[in-house]
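A lone chain, given as structure tokens: the form predicted on its own.
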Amino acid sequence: MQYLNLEEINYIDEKFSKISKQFGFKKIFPKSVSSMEASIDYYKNTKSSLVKIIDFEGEVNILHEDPTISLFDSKILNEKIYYLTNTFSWDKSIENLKGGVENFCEESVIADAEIIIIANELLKNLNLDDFTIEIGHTHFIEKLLNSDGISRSEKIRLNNAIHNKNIQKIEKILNELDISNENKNALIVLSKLFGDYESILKNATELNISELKPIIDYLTKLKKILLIYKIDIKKLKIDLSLTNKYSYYDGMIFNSYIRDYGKKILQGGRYNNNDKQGVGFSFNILNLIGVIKMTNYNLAKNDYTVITNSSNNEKALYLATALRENGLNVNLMENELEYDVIKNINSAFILSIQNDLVNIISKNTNEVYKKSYNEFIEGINSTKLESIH
């Protein structure tokens, strides 16, 4: 696993915890290890390469890639939980850090909407404005794929083609299968049902496909609740060809993407055909940190770095002390004010003193401005901190 900056993780954890607690969720730490026997049913239909460990008695255990699966076999006192935990898969990184929320409840549109709102608010609170949430439903596609006795390997091929909206490949695969013309047409239509929430809901209704009616009713109710929460409906897309690599999802599923960032930043949905029913989502911390940095938003918890050298040591020490006495985090650095130094500093503001002036560099806005040293110190001591910038 690549080096993790705990301040960056704490920044996300604070935002995530705040919104989760507002909705009544309690924080837990899921276990990372389960027996092979207890977990294999959940992993057998995924493309995951599992990390296995063998104890001294020869028992094979699995290091979880998906925290939700470890929670299925746990005794959880609270129905509504959230977490940050390590996960494992046999890829380049092997170990990852994931966060997520789970509401272990029976099927409920209100509970589903609440999970989507938490995801929406988390992304907003992380200053990620250019995101979309794609919402789908597994029932229609699963019914079509199971109705003609399609094999598991054929189902995976077809699922991938539908998810990628590759119409030519879908038609090619369907022509190779012994499948009814009605289901062939429905699967081709399915791959085209993607776009703005309201327009796709309208288009799906006009298709008059009986199997779609329960899903249309569900999406209509979901929209009504989400609007009560004042969600920006333009952020939402419907994708009825949406699939998920975890086989336990059975119902609403959703993913979230940021423009110009190729990976999912959130994924989740509802599961109803297991010992534990519920709804939730998860996210990879490193992906989330990566996309936040891509937007040039500063994750640093150090509010200020004060650069000092032999010519201004005394003034720099007074300035740093005054800032700390007002509850701010200050990193004092002995160096020259050069480009390579500035580039590697992770603070919201960089301050340097030149004669009787304070040079102020904002890393968030890339602005540079100056203020007299005495005026800057007076602004700090008067606690009117907004006046010092």
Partner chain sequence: MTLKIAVSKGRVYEDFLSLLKSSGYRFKDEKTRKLVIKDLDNSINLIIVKAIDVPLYVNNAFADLGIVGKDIIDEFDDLFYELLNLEIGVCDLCIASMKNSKIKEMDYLKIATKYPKQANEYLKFKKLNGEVIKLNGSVELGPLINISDCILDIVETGNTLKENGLEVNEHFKKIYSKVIANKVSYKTKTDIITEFINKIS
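Because the structure is a prediction, the values reported are computed rather than measured. Numbering follows the first chain given and starts at 1.
The form predicted together with its partner chain exists for this protein as well; it is not shown, and the discussion that follows is about that form.
Visitor: Glu134, Glu121, Asp303, Asp250: which sits within 4.5 Å of its partner chain in the predicted complex by any heavy atom?
Guide: By the 4.5 Å criterion, the partner-contacting residue is Glu134.
Visitor: Going by heavy atom distances of 4.5 angstroms or less, which of Lys213, Lys202, Lys221, Lys165 would be at the interface with its partner chain in the predicted complex?
Guide: Among Lys213, Lys202, Lys221, Lys165, a heavy atom within 4.5 Å of its partner chain in the predicted complex occurs only for Lys165.
Visitor: Picking from 79-87, 260-268, 174-182, 224-232, which part of the chain touches its partner chain in the predicted complex when contact means heavy atoms within 4.5 Å?
Guide: Contact criterion met by 260-268 only.
Visitor: Is the gap between Ile307 and its partner chain in the predicted complex 4.5 Å or less for some heavy atom pair?
Guide: Contact check for Ile307: no, nothing within 4.5 Å of its partner chain in the predicted complex.
Visitor: At 4.5 Å between heavy atoms, is Leu242 in contact with its partner chain in the predicted complex?
Guide: Within the cut-off, so yes.
Visitor: According to a 4.5 angstroms non-hydrogen atom cut-off, is Phe194 in contact with its partner chain in the predicted complex?
Guide: Phe194 belongs to the contact set for its partner chain.
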